[in-house]
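For reference, the chain that follows is the form predicted alone, supplied as structure tokens.
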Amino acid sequence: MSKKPIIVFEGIEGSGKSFHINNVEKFLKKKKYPYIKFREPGGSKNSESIRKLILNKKSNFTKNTDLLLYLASRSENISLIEKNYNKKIILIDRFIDSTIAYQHYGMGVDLNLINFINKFLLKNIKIGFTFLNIVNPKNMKLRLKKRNKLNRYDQFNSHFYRKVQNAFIKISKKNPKKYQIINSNLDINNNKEIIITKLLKIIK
């Protein structure tokens, strides 16, 4: 594996993925490792504009439009990834697995279509490692209630989130050496230590 891999943080809403990717960023910055970090949807200026459109509570897109908007956001980030690929550690808050878990398993969009467009966009770009954050329904709801502002993807029902989280776990089992499951129902400081320990094994 590259010493400067793409490291992705995945999970449903309230799973702690954004907290942990931010903690990893602080660690890399402190240790002076070269890195970039971005989120999906989002990242580049154009991708952030698409993000606002996707997550706006007033938006009411069909499932296929949702997919294409997510992939359009990804398309706008390809040059950013290519520029830094194997040169810096690339941290991404959501990536390919989210598209498959939400759009295919959650909403029923054709998986072949998703895989075809992803392959077209990414070409030889490979993910180095993924931290999959999982959460139980009770903690997810408690964490979402604490948010000042909810977006369109924060307001699905429990059945939908359960289906998506099970999809993430199913995806991770296809290549378990490239995944670390983080149980965010457990002690947060212990999870921080688990992630940093694994991170150092990956990048050293």
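Predicted, not measured: the structure shown is a model, and the values here were computed from it. Just count from 1 along the sequence shown to find any residue number.
Omitted from view is the form predicted together with a small molecule, to which the following refers.
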Q. Is there a heavy atom of K163 lying 4.5 Å or less from a heavy atom of the small molecule in the predicted complex?
A. no
Q. Using heavy atoms and a 4.5 Å limit, would one call Q103 a contact residue for the small molecule in the predicted complex?
A. yes
Q) Do T99 and the small molecule come within 4.5 Å of each other in the predicted complex, heavy atoms counted? A) yes
Q | Partner contact for L55 in the predicted complex: the small molecule, 4.5 angstroms, heavy atom | A | yes
Q: Given that the partner is absent here, state which listed stretch (169 to 177, 33 to 41, 135 to 143, 57 to 65) has heavy atoms within 4.5 Å of the small molecule in the predicted complex.
A: 33 to 41
